[in-house]
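The chain below stands alone and is given as structure tokens, in the form predicted alone.
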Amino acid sequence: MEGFGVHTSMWTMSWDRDGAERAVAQAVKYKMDFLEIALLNPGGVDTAHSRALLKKNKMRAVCSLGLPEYAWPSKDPDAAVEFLKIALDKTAQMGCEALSGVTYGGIGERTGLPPTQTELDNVARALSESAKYAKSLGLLFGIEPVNRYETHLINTGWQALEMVEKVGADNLFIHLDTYHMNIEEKGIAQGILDAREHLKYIHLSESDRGTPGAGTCGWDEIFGALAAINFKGGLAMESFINMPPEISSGLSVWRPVAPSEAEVMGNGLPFLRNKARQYKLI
């Protein structure tokens, strides 16, 4: 999971044949190293088509998701493991390298209270079983802390670190996101420093989820911290341009975050690439 990538939300949130072909073509056009596939409906993916498409275009990929409510591990770890096994099978069948995201719960999962020990124990059990299954498929398996408005379970780098160390699986990694860090961390570098050796992947997202470089994220602090820990993982630009209503609701995005895909890719991508080069990360 090295190099510079982009989340498929730039072009599609439906990983069907049309969405896959559009996203891969655009990723090739912009000379991305990899794609992050939004695996929202694992059972509906044509894995043979995706694998052939990725191979033909020499495009590496990872997958990400959030769990549906019936499979939230805090409430039903067995249902979560069953869902994640299907998603992991699809990830492997497509020839992808990892499955990550809100693999410990749902986007929009909140009880109105801090997480209970029972909830965290249930999450740890589901992650442990899923990580073991991922390893049998040769996959890495990640968890992404997200902000307090999207979950009450894991919001910061140190909380992700506690969960990774609680589970103890050697293929389980931390996946940070600068949008969430901008909300939750004491300083935006703090999550990176806390995650340190477990950090294998990071979403480069602006403070409003729009065009990187046009918001309030402290990009020099972010890239400086990544350089300081000798980060070697995946750098993935994420900006939500194409979202179905159910995803917009979970993410609480109520207005366009950028005028167009062309504006984000034309201005945000060069900005991030230049920062990554400045700090010798690519």
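Position 1 is the first residue in the sequence shown; the rest follow in order. Every value quoted in this text rests on a predicted model; they were computed, and no experiment measured them.
FYI, the form predicted in complex with another copy of the chain isn't displayed, but the following is about it.
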Given that the partner is absent here, does R209 sit within 4.5 Å of another copy of the chain in the predicted bound form, heavy atoms only? yes
May I ask you to check whether M181 falls inside a 4.5 Å heavy atom distance of another copy of the chain in the predicted bound form? yes
State yes or no: in the predicted bound form, is some non-hydrogen atom of G215 no more than 4.5 angstroms from a non-hydrogen atom of another copy of the chain? yes
Hey, in the predicted bound form, does Y279 get a heavy atom within 4.5 angstroms of another copy of the chain? yes
Please name which of the stretches 201 to 209, 71 to 79, 96 to 104, 161 to 169 has residues with heavy atoms lying within 4.5 Å of another copy of the chain in the predicted bound form. 201 to 209
Candidate spot H152, D194 and I229, all three touching another copy of the chain in the predicted bound form (heavy atom, 4.5 Å): yes
Only one of L67, M32, M237, A225 gets a heavy atom within 4.5 Å of another copy of the chain in the predicted bound form. Which one? A225
